[in-house]
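Presented as structure tokens, the chain that follows is alone, the form predicted alone.
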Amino acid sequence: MSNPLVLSERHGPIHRLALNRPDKKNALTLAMYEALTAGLKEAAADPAVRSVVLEGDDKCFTAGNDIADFASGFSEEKFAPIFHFLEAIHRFEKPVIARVHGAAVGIGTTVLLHCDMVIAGESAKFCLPFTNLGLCPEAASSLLLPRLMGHQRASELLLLGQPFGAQRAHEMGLVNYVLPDADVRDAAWSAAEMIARQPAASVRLTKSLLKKGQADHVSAVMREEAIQFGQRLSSPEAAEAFAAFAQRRQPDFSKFE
């Protein structure tokens, strides 16, 4: 599926998926999710592709979901592109290397839990503001974050929703390497090229074995989170959060139980 806001292209054995909406800090629309899923399917079907690089631009990975899509109401059919993408990247058989500059908000952070390596620049800033918006975790982050960093650290990130930097992300296991911003792209592509030179069947098998013990559980948790997320989008708390965002004020949740 062609979409100028998502660049999907093969460079030798590496498939590049790049968010290309810099004027909106690469905020993700439903159409962009469709394009990302199509790009993953294209890479999966091409035997010449050995690895994938997922990236934003040199200033921003992604500011998260486009608020306009979410504030306009929820339906399972309407938001299906998001769920299809999350399942596609979770089940993707070839290695995915993410390179992160600048903001990685919401899905911009949780999608990294489904990548095989993450290389971040010193400018990278992560945030999981789901409770701040009256919502709940998604992308199986309620399962994967505690497994990665422990219950207390995951609770801090998800309950407070405060931004944290690249070095802290590295300390908690979310990021493999933190490098000067100017070095990140080359490092990510170097890792992708190194993987591409390995025996493809062995690489796919290794990834499968690493994920096999929890693959079905992750899918089940993503489905449960999606149900709860949809219900929360229709909640008065979410309405207050989105109104406050549009009006550039602090939300007031004191009247809600």
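Predicted model only: the values in this text are computed from it and were never measured. From 1 onward, residues are counted along the sequence shown.
The protein also exists as the form predicted in complex with a small molecule; that form is not presented, and the subsequent description refers to it.
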Distance check, residue 105 to the small molecule in the predicted complex, heavy atom within 4.5 Å: yes
Residue 130 within 4.5 Å of the small molecule in the predicted complex, heavy atoms: yes
Exercise: residue 200 in contact with the small molecule in the predicted complex, heavy atom 4.5 Å: no
Residue 37 within 4.5 Å of the small molecule in the predicted complex, heavy atoms: no
One stretch from 186-194, 43-51, 25-33, 206-214 that, in the predicted complex, holds residues within 4.5 Å of the small molecule by heavy atom: 25-33
All of 63, 67 and 70 with a heavy atom within 4.5 Å of the small molecule in the predicted complex: yes
